[in-house]
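As structure tokens, one chain now follows by itself in the form predicted on its own.
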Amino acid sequence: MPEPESTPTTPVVWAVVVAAGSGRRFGGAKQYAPLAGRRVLDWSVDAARSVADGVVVVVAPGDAETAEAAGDAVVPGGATRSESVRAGLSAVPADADVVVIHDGARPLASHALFRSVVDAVLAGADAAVPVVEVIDTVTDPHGVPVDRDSLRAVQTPQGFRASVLRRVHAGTPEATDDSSLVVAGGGRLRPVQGERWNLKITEPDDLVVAEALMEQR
């Protein structure tokens, strides 16, 4: 008798939304600022949930009650971004195949962008990172022009093979971007097209821009 065909398993995807910053340049916790009738963080979490089986939200110590309704799990972050990512990663179930890391202050990332980074990982990448071309003239601190054609601005969400992300964070490294850790560890990086409107809320005026963009969408 022929062997019964095996049923392919659906990959398990979890998201970690990092929202533990103090918002020094913003003048307060920007992730809780109101935006189009909701909080910035709520928009970011909903975008992540569009592709994820579960969402872990990483917040500043003491903010758990403020953010408790945002994700499936809410955990306190650390003193650095990498520490906060590791805190979130520790709450991701062991059976996750793909982990998506997203900034809580990027409320405009689309479902299509989340889908593209997840699909790139499922297609074989260890890390998938949205990038956009640099459109401004760039110089070094001495005014010497830098070739902008060789530069790209990196965004989140970033998708990772869960086992690879756990491995590169096992040594408690520090970086402002998780994909750089994967590359340093010999992992396969695949850039995907980012979104120009996927701005990170940094200053109060960014909320005005974000709300205008939401109205257009």
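Numbers for residues come from their place in the sequence shown, where the first is 1. Computed from a predicted model, the values in this text were never measured in an experiment.
Only in words, not in the display: the form predicted together with a further copy of the same chain, which the text now covers.
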**Message:** in the predicted complex, does His102 come within 4.5 Å of a further copy of the same chain, counting heavy atoms only?
**Reply:** no
**Proximity of Ala123 to a further copy of the same chain in the predicted complex, heavy atoms at 4.5 Å** = no
**Prompt:** Applying a 4.5 Å heavy atom distance criterion, does Ala112 contact a further copy of the same chain in the predicted complex?
**Reply:** no
**Item:** in the predicted complex, Val154 touching a further copy of the same chain (heavy atom, 4.5 Å)
**Value:** yes
**Complete:** In contact with a further copy of the same chain in the predicted complex (heavy atoms, 4.5 Å), from 90-98, 130-138, 112-120, 72-80, is stretch 130-138
**Request:** Would you confirm whether the three residues Gly143, Glu203 and Val209 all fall within 4.5 Å of a further copy of the same chain in the predicted complex, going by non-hydrogen atoms?
**Result:** yes
**Request:** Determine the residues of 187-202 with a heavy atom within 4.5 Å of a further copy of the same chain in the predicted complex and present them in sequence order; the list may be empty.
**Result:** Leu189, Arg196, Trp197, Leu199, Lys200, Thr202
